[in-house]
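In structure tokens, the next block holds one chain alone, the form predicted on its own.
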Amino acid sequence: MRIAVPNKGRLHEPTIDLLERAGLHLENGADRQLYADTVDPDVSVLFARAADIPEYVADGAADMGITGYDQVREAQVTDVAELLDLEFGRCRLVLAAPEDGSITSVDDLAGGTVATEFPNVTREFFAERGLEPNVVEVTGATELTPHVEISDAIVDITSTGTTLKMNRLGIIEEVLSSSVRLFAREDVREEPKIREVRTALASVKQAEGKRYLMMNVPEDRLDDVRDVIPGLGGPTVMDIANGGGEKVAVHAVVDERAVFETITDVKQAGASDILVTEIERLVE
């Protein structure tokens, strides 16, 4: 089973890091290689341009892909299914125009020209509003085109809006909200190995921002401790070997932001020997 992942750019490192944390360590993934094996002999990785990954999956060169939702929408591929929002690489595709220009609304672009690296998404956006401007496809420096009279407005990716502001462009409307997604071909989405990979990646995402708390609690104070632990589905309670029945072990998964307050609360409720650890993966 082959997974296509970005070969460079802002999505490359976070994607490789996610695979590593999910247990799919790359064994021979040197720079400029097209393929890499993983510790799972049934799973390999294909390195490709982020924009090409949807086509690679649809055409069968790969079974799964990791790339931005914006790239999937632009590729207009069929027979691919989204399996998981990986929640990184967040950005927006926005319609923007010069701040001191006459374009202040979508309707102002009727009969106008829009430059973009995402012509298919852009045409869909305007078609939904009953408009058909001239869409010019460019391959970079999109934000410069209104200032050199190539376009009246642009549709471009922004994360913070800083580049748009630097080029004196104001956002008119959001076209698309995007993040990195895991997807697969429809004909293999239910294959056991595909489901294994999805579960592994999902377990890493589920563990993010969580901490594992362990503590000893006098049995007669157990209810008090339970009341102050904001765990997932409540804490796990276990007998302590050679504990004489006076204390029990309590384990719980809590949100990282709640750890400070939770430790204070459980200690006041009678807990001792409190230990906090990170969680690498959490399978629900």
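Worth saying up front: this structure is predicted, and the values here are computed from it rather than measured. One rule holds for the numbers: they count along the sequence shown, beginning at 1.
What comes next is about the form predicted in complex with a small molecule, which does not appear here.
- Among H251, R221, R257, R49, the residue placing a heavy atom within 4.5 Å of the small molecule in the predicted complex is R49.
- Site annotation in the predicted complex: the residue of L84, V136, C91, I172 reaching within 4.5 Å of the small molecule with a heavy atom is C91.
- Taking non-hydrogen atoms only, L11 approaches the small molecule to within 4.5 angstroms in the predicted complex.
- Residue contact with the small molecule in the predicted complex: G65 places no heavy atom within 4.5 Å of it.
- Although the partner is absent from this view, L131 stays clear of the small molecule in the predicted complex, with no non-hydrogen atom inside 4.5 angstroms.
- Looking at Q71, you'd find a heavy atom of it within 4.5 angstroms of the small molecule in the predicted complex.
- Heavy atoms within 4.5 Å of the small molecule in the predicted complex are found in exactly one of 207-215, 157-165, 185-193, 76-84, that being 157-165.
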